[in-house]
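So this one's two forms of a single chain, laid out as structure tokens and tagged structure 1 and structure 2.
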Structure 1
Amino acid sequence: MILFMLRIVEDYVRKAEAVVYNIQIQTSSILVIVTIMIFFFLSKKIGLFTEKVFTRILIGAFFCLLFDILSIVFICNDDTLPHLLVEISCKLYLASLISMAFAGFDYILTELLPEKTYHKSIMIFFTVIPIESIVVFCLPVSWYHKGRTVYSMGPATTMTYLFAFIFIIATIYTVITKRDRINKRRFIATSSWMALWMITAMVQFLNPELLIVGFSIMLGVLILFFLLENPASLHDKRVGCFNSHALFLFLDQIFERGEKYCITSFFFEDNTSDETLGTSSNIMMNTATFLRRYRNIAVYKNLENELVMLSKSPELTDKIVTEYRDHYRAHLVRIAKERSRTKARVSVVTLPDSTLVKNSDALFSLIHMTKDASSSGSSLVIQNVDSENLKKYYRFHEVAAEIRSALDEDRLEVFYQPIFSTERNCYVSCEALARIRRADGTLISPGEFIPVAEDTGLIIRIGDRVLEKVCALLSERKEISKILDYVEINLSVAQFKQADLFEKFVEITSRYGIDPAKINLEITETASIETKNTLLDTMKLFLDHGVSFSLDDFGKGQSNLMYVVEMPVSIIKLDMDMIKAYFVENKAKHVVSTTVKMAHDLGLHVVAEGIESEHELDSMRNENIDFIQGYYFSRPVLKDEFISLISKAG
């Protein structure tokens, strides 16, 4: 009896020893999975659909490891348990292995396919996987355990390895062939996960007693979690909200799905460089705390000084913004008491419907455009993107697209307007003026496209093209240089910011064999204010090279006589507004007379722009204006018409 009891105990200990030996890895792996689950489920998520896929993977991994442990325990106790129960436990484990092998492929599909296509293709797999599992369930399975060695085998096991192998190969193939379209981190995560799977599956297939597949499942989940799905990587710890990476991931998703969201940007700016007054960052922290009170919104930190709030409800957004206005005022009063004064400024811009734009780039340029359009000096500016802003935004992008296509398809044209000398009574120069010819033959005027070109940087390409065309014309039609002293070409501020402006000019003019003295560059006062330091150095390079300068648009906006003194220009061009004013206001008349006198005293010549009638011409002659430009002589015209005009006059 005692011997029998001892044998039972001994048998029990032996089995327990085999079980413990074989489930050590699986148990520690399942503990790691549970820990990740706790971190993942407890942290605030943004609502990405990849988060759902990862949740599926986590749950799948948990059950796979659980069935693995269960099957080992059951196999070790097969003498006491019903055969069917052991068989079911083994097959459950095998079926869960197939789903886990598919998980990697599933994850890659989220990156490669648009969401709708992803959902369609995933439905196919959700049909294939149960079919494969049924096949495995129908095939016989056997198992082996002796001492510490435990494993399952037979057709069901072989078939499982085959199905898993197909999924792994499909994933590896997709990752490699589509690597250009896969985000780098996802590429690393998925390919290392799959490589791990391949190695462990092969090792376990060849050595069934090494039960390491469960371990590699846990490692795969760990890699995914740390490289891609760790919610901590989507948080801005300082401000206590989501970060811009999270924002753009989520925005990409809502634009792809065409979801309607109400998007509000809060911009925090300091109007002073005084650090002690630099309260914008405090106000941003305070705003983030204020916004945290509300449910059903998500707050993200975008740029260094911008918070973005997303909400599904325009009413809720209105309520929050209104309450924020009061909160902000109260906060300012508090700051004012503590620090005597504040120079911070907050701009709040809301786009009530995200479906009005196509992507996040468009969204933020629209929001920024609306913010910049406000001229209010108030410390809190609240605006909505209205239909006017939207129209302006679309027009801006249409024009930018027109400029790009015109440059690519050589539809940028140069018109020429002659400039008449009152002293010599003939044309002595001309101004080159850019035009964009639409594909349908109509023209876009510079008034419309130059500001867009300046904002988008396309002005650089326009400037180069205009210079190229002027040089080509001067080298092709030598008579122009005989009749005219030089051609005036406009230069924008943005062009002066190029480090290689002078080198490019020299390259283009010398390629066409043009004498630099035949070019006069028109600069504006804005150019001289904004880039004054580098401007003078660059101008010197041009002057030494023989190029002369005109000061364009003099009298438009706030003219500063000091610039005339400081800038090495040889001509002052009186703006059309000033000329028009000359004929209606006595004061303007004095200004023109004085400017002409001053310019002459400084040894400069004066051009009057916008002369449209004989009366205007005569008045300008009486004022001793040197040169006349205006519709009275000619509108800007195309090169052939221009050449015949100056040739006839000559």
Structure 2
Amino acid sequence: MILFMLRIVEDYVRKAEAVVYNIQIQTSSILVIVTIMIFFFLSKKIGLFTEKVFTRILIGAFFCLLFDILSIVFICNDDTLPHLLVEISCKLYLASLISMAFAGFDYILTELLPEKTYHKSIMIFFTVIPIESIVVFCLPVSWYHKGRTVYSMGPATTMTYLFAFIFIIATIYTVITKRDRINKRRFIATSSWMALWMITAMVQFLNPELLIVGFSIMLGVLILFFLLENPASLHDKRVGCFNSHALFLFLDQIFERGEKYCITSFFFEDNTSDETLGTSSNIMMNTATFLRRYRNIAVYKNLENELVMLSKSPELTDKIVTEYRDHYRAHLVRIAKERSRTKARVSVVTLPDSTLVKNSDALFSLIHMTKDASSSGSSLVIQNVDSENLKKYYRFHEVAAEIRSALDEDRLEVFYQPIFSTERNCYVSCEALARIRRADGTLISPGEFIPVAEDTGLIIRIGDRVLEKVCALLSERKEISKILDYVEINLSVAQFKQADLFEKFVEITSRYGIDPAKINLEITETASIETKNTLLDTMKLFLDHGVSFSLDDFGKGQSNLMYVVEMPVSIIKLDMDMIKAYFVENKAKHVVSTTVKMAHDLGLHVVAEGIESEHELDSMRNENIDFIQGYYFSRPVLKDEFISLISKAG
């Protein structure tokens, strides 16, 4: 009797050892999956569609590992359990493997297909997978159990591996062929997971004693979680809300679905150059805390000084903005006044209907355009995007598209306006002016396309094209090059911010064989204000190369005589408005006279712009102004007409 009991205990210990030995990896893997599930399900999520797909993968991985463990336990106890129960446990595990093999392909489809198309496609696979599982259940399965070695085998197992390999290969093929359309992190995560699947499946198929497929499932889920689906990576810990990455992921989803949301941006600005003050940062933190009190909204931190609030209810949005205004007046004004050297400004802009725009770039372009259009000096400005803002936005992008097509189709033209020397009594130079011609032959006014070109960065391409065309004219028409001392070309703030501005200039002028002294570059006071240090360094390179500079629009806006002192310019161009004021206001006459004398004392020449009559011309001569530019001599004209004008005068 004792011997019999010892044999039972020995048999039990042997089975237990076999079970423990074979489920160590699976048990560790399922514990990791459970840990991920706890973090994932307890974290606040933004409601992305991929989160639902990952949830499905996470639950599938859990049950796959669970069925793996159960099948091993049942096989190790096959002498005491019904044969059918052991067979079912093995086949449940095999069927779950097919589902997990498809999971990678499922996940990559969310990146490649629009959501509606994805739902239609996935229904096909959700039909195929049960059919494959039924095939596996219909095929015989057997198992091997000797000592610590435990595994299933037979036609059902072979068919499972075949189905799994089809999905794995399909996923790898899709990832490789469509990699240019796949997010880089998703590409890395899915590729790594499929590579692990392929390696472990082949190893386990060739050596059934190594039960490591479940381990690769866990590693794949772990990779997806940390690279793509970790909710913590979508939070801005400092402000306590979702970050900009989460914002754009969610915006992409709502624009794809065509969902209607109210979107409100809170902008926080300090009107100071002292970055240590941080008043706007304090107000932003306080605002984030205020917004977290409300349900049914989501708050995101976008860029350095912007919070974005999303709500499906216009009424709730209006309520929150109204209460925020009261909160600001009651509490945040005190924060704004804590440091006397700074003046904080908060701008709140609401787009009531996200379907009015097509994507997130258009959304924020419209919101920023609305914010920048405000002329209010208040510390709190609240605006709604209205029909007028929309018109301006659409017009802005129409003009931007027209500029791009004009540049691509060579519809940018250069007009030339001659500049007359009062001393030599002849034309000595000209200003090259960019003009955009529409496909129908009409011109877009410079006042309309120049601001758009500067805001979009297209001014850089325009500047390069103007320089090319000017150099081509001077190269092709040598007689014009002999008549003109130089040609004036405008440079914008954006152009001066280019690191390779000087190198491009040298390349273009050298290609056409143009003497750099034949080019005079016009800068504005705006350029000298915004990029002063960079400007001076760049100007020195040009000056050493033989190029001269003019200061355009002098007397317009925030004129500062120190710019004339500090900027190495040789010509000052008096703004047309100042010249017009000269003929109607005595103060303006004194300003012009004093400016001309000051310029001459500094060794600078002066150009009067906007001269339209002989009386105006004579008056400017009497003021000893060096050069005259205006409609009295000629409007800006195309190359051929300009050549004719100059040639006749010469």
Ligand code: C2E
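Definition used throughout: the rigid core is the maximal C-alpha set that superposes within 1.5 Å between two forms. Remember, it's a predicted structure, so these values are computed and weren't measured experimentally. For residue numbers, the reference is structure 1: its sequence is counted from 1.
- For the form predicted together with this ligand, the corresponding chain is the one labelled structure 1.
- Hinge residue among Ser510, Lys540, Val466, Glu388 for the rigid-body motion between structure 1 and structure 2: Glu388.
- Remark: the rigid domain rotation between structure 1 and structure 2, smaller part against larger, is 14°, computed from C-alpha superpositions.
- If you overlay the core, the Cα of Ile450 moves by 3.3 Å between structure 1 and structure 2.
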